[in-house]
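One chain follows as structure tokens, the form predicted alone.
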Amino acid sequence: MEQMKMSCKKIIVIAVVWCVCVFPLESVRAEGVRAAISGQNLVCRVETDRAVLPAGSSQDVVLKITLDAPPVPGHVQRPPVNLSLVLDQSGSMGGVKIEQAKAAAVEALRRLGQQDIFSVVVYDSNVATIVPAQHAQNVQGIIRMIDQIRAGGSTALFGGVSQGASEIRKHIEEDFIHRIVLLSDGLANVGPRMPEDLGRLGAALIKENISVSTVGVGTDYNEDLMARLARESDGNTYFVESGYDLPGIFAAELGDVLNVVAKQVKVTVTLPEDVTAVEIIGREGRIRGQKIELFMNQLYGDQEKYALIKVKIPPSAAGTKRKIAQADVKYENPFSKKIEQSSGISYASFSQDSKKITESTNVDVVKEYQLNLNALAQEKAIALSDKGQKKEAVQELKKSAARLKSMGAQYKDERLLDQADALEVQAQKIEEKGMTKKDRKILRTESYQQLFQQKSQE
């Protein structure tokens, strides 16, 4: 994505939409910037990066639609989980990696309850179900099955995921959180193997409310394939250098799956007739005239999820106030098992007073937007490097680091400054040695986790 340029005639504005259970509208701030509806599950707000916007010119506005989930309520039973682990047991997984993969599978099993469903599929040149889908009750018996896994053969990754989905489908009609966790340390070389192939599979699975989280081990797996599968199915993606990290990764993933607070989340953003949708930034979604549709399979407790949408608004006179967008959210509450709705709305006021405009800046929104611009810069650097344009890739990373450093210094924000420092180190390494497989995986994974607000592993 090309860096957006600021000028007096074209000003980038960020609006944030947060969403909550349907309750009467409580308040709209005097500036007309925020409107919030409060409830017991999700929180919904709409903000701009400034409470006051420049008057008299057409402007690009970036809407940030945010779903902010509270902790899982302590007094109710969590929704049951239907989990399938799909483990690479090809020859390259021998030694520490396969043993730690088995330890991670046992770690996942021990975190489940008797109401949950658990299955294990392994793949090498062929695909086999080691643990058929069953309630997580006979723990010691299941552990003995897992202990029989041995490494050897090629990598039928597509077939492994498909078989994992077959195990999930044995209970697809029941009220479960459906999740596949895919582990691989190498390139898919049996059956469909391109990122597009796995992307189509992920897109098909999400229609069945099945998400796939992917775990890449070492530096020889295809990070484009793994990220594409996770993205299309609304899952998480992880990169670990060592098999020793696998139990912790599986624990982090189960921490999400066991804390779902909303399912089948659909967000519809409605724009006024004179506001035009331009693009959705970083996420999948549909623009249908004055409506933008977004879908998220699940939300986890204490998690913030959002999407950025750029729209264009017409010139507005100083002293006026106008509606920018409204977000309506529909989702299934997994505790009440009822469909609930939420709403948020955004207003903006306009002025020719530059000081008043500057002083009204919403710093938190601006910082988050800069981090997303950085994620897109990382994606662009990967694409440039893939074309052999190392110099241009390094420049892209350095430019992004400079923006982050400037913003971090301006707002005294350690997160932005730390990200800028890390990016400068990455750029320097690539400048000296080219983009290694490890560098590429780090950039791809960091970009994905920022754009999709994946929680950092503990």
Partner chain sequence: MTHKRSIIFFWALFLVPTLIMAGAAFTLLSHEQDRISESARTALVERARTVCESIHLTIETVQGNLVQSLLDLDPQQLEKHLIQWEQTNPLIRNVFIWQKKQNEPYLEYPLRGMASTREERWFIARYDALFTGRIPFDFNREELNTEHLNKESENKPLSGSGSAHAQYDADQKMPGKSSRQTLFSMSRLTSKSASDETAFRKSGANPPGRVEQSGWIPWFSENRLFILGWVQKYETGPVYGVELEFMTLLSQLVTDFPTELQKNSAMVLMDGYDTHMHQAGQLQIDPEQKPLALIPVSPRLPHWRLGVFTDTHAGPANRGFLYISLLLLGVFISAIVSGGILLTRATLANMKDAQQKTSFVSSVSHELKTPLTSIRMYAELLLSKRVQDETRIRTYLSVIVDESHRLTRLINNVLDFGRLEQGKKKYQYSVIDLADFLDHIVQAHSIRIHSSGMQIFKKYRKLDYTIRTDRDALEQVVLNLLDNALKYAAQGKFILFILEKENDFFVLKICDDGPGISRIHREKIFERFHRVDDSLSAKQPGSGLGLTIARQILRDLGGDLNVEPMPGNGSCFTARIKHHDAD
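Not measured: the values here are computed from a predicted model. Numbering follows the first chain given and starts at 1.
One more form of this protein should be noted, the form predicted in complex with the partner chain, which is absent from this view; the next part is about it.
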Using a 4.5 Å heavy atom cut-off, which of 254-262, 149-157, 360-368, 214-222 contacts the partner chain in the model of the complex? 149-157
I'd like to know if Q114 sits close to the partner chain in the model of the complex, meaning any non-hydrogen atom pair within 4.5 angstroms. no
Contact test in the model of the complex: E273 vs the partner chain, heavy atoms, 4.5 Å: no
Counting only non-hydrogen atoms and a 4.5 angstroms cut-off, does D197 reach the partner chain in the model of the complex? yes
Examine A103 and determine whether its closest non-hydrogen atom to the partner chain in the model of the complex is within 4.5 angstroms. no
Any chance S166, R193 and R288 all have a heavy atom within 4.5 Å of the partner chain in the model of the complex? yes
Listed residue (R231, K305, H178, K97) with a non-hydrogen atom within 4.5 angstroms of the partner chain in the model of the complex: R231
Identify which of Q326, S162, N138, Q341 has a heavy atom within 4.5 Å of the partner chain in the model of the complex; exactly one of them does. S162
Residues in 200-217 that come within 4.5 Å of the partner chain in the model of the complex by at least one heavy atom, in order, are R200, L201, A204, K207, E208
